[in-house]
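Only one chain is included here, represented as structure tokens and corresponding to the form predicted on its own.
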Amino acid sequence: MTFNSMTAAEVSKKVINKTDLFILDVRNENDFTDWKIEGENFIFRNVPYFNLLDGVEEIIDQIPTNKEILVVCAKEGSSVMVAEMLSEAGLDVSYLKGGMKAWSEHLEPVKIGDLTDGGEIYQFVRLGKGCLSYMVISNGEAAVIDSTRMIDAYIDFADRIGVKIIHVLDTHLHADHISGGRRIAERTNATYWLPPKDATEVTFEYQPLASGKVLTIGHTAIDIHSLYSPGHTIGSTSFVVDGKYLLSGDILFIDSIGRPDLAGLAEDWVGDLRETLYSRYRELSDELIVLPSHFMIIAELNEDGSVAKKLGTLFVENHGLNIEDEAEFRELVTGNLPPQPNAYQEIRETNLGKIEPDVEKQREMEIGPNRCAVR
């Protein structure tokens, strides 16, 4: 029998297409429990690598022969060795190329829709981390919003479709992942925009995003209209694109709402969160399609792999938008906070420009699931 490699891009397609897959994860139990590859039709088995050093005979009968088999580890090495042993035992098997490190970094571009007069908007889905970022395109120009640190994905995509990145924006100062905004701006000579209330400590130059600010992409007036929407951070800013799309940052998700505690100010900011969700957003059109900066569970993905839903639908379906009693809302938010993101203080300092970790350190800082939402 043979064993082959499977790329993160290939696994992403299986997630989106809801393909059957059996995953043998050979990382430590704690690492597996905290964070794993998710797929609607995936079956998992966790057997730490050190339990397989003497061979795979004891687990052979626990591995299905009627499904594709993928062996996963942190960085690839252990999964290669286990896949080879399984192959020698008579199974067709693959290993995840680059391991969970590669899974965490892969971005899958999905077209969301067409804009007025020929523009387009794309969502970059980071399945391994739950991050969502965007590229708005019109007449050969583009804006990138809430980018990850994997900046080549955006620059290469822009080059491939023949557009120039002229604006880079962040909806807020991120604390769960490292922003690539400043580096994209440096590489492309684009203008980098940040909410000023989140940027009081930054060490680099930026342009301030004020409520009501309109940026135009291309010659067809694809407007990105900024809307001050605090609650996740004090400066959180939403964007309305082309009058059709609401880029909600980490304030509103499809199945949950943003957490207000990453600066240690949950009690102070929960009122801002409620004001944004229950007043500012209520003034917007129900027809706006909400495009958040994160998703929480794989069930939030649409059939095409996108994460998007009309604002009016969320007002009906999202529990966080339907708590009339303010005291109950406060209790829901402050009493149901998940663990803090890994290294979130270091991530904030990196995004402020105060520290410059090397690439391997940045990978370590980001490892783990998305933790930006109230449960």
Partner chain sequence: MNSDKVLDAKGLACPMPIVKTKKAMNDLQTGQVLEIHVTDKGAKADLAAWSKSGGHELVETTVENDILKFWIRKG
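Positions refer to the first chain, counted from 1. From a predicted model like this one, the values you see are computed outputs, not experimental measurements.
The same protein also has a form predicted together with its partner chain, omitted here; what follows describes it.
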item	value
Position in contact with its partner chain when the complex is considered in the predicted bound form, options 32, 42, 329, 49, heavy atoms within 4.5 Å	49
One residue of 77, 243, 113, 118 in contact with its partner chain, assessed in the predicted bound form (non-hydrogen atom, 4.5 angstroms)	77
Proximity of residue 65 to its partner chain in the predicted bound form, heavy atoms at 4.5 Å	no
4.5 Å heavy atom contact, residue 10 to its partner chain in the predicted bound form	no
Proximity of residue 28 to its partner chain in the predicted bound form, heavy atoms at 4.5 Å	yes
4.5 angstroms heavy atom contact with its partner chain in the predicted bound form for residue 364	yes
Which of 51-59, 346-354, 310-318, 33-41 lines the interface with its partner chain in the predicted bound form (heavy atom within 4.5 Å)	51-59
